[in-house]
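Have a look below at one chain only, the form predicted alone, in structure tokens format.
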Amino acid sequence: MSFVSVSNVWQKYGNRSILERVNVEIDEGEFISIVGASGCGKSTFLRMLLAQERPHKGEISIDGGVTAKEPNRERGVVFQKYSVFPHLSVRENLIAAESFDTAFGRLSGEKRKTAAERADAMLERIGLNHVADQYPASLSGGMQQRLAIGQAMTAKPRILLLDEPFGALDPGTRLQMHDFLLELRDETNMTVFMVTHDLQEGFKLGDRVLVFDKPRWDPHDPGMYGATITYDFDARDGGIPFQLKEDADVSA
């Protein structure tokens, strides 16, 4: 059984169709890159995986469960703009990530001590232990994004959702973050979904690359039809689309 199952999912905002007939099966531990033109529903799909939005129609199942009604700790998310708390130190950002499920969002006593120990362990793991007492504004872009990923991982999510996480970084830092993310994925066996506008980045990092596009288009009413997954490339197998593999084998 697939770890993530998306079955006949549709989404619309008012009368505007965003996604339609989205079907895909993902194994645990796979890295899925999501590409496509602006406005074709990539981030909407990510928000539904996060359970920040519910599908208009269809089901999204995680490990056989029912469609979630709201975000939970098994799903971590990182956005393009560093999703950290600017008023908290680097260490406190990670401690805060453990307090979301507590009363008033606070930890005290032994729980806070344990959270601080885990935060220090995570900071060492992501290479930020030397700036634990600094504030995010004093960090480079790559360091801030490392912190955001560390914060998302504090809850030990089974799924990590990345929405253009490296778009604001310079090319050198971006390459460093690629290596960092792949190392973390290999260590944790997390299932990763990453939206990117960079096709080369998508194929470099992803085990599979999902292309979102609108197969139907009405020039008189652009919002009539939504996007769907038009290609599902296996980036581990020379980029051959899954749905074309059988045909490719026959003609070989």
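What you see is a predicted model; the values in this text were computed from it and never measured. The first residue of the shown sequence is 1; numbering continues from there.
The next section is about a form of this same protein that is not shown, the form predicted in complex with a small molecule.
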Contact flag, Cys40 vs the small molecule in the predicted bound form, heavy atom cut 4.5 Å: yes
Contact flag, Glu164 vs the small molecule in the predicted bound form, heavy atom cut 4.5 Å: yes
Contact flag, His197 vs the small molecule in the predicted bound form, heavy atom cut 4.5 Å: yes
Arg208, heavy atom within 4.5 angstroms of the small molecule in the predicted bound form: no
In the predicted bound form, the residue from Val9, Ile18, Val24, Ala235 that sits within 4.5 Å of the small molecule by heavy atoms: Ile18
Proximity to the small molecule in the predicted bound form (heavy atom, within 4.5 Å), stretch among 199 to 207, 42 to 50, 63 to 71, 183 to 191: 42 to 50
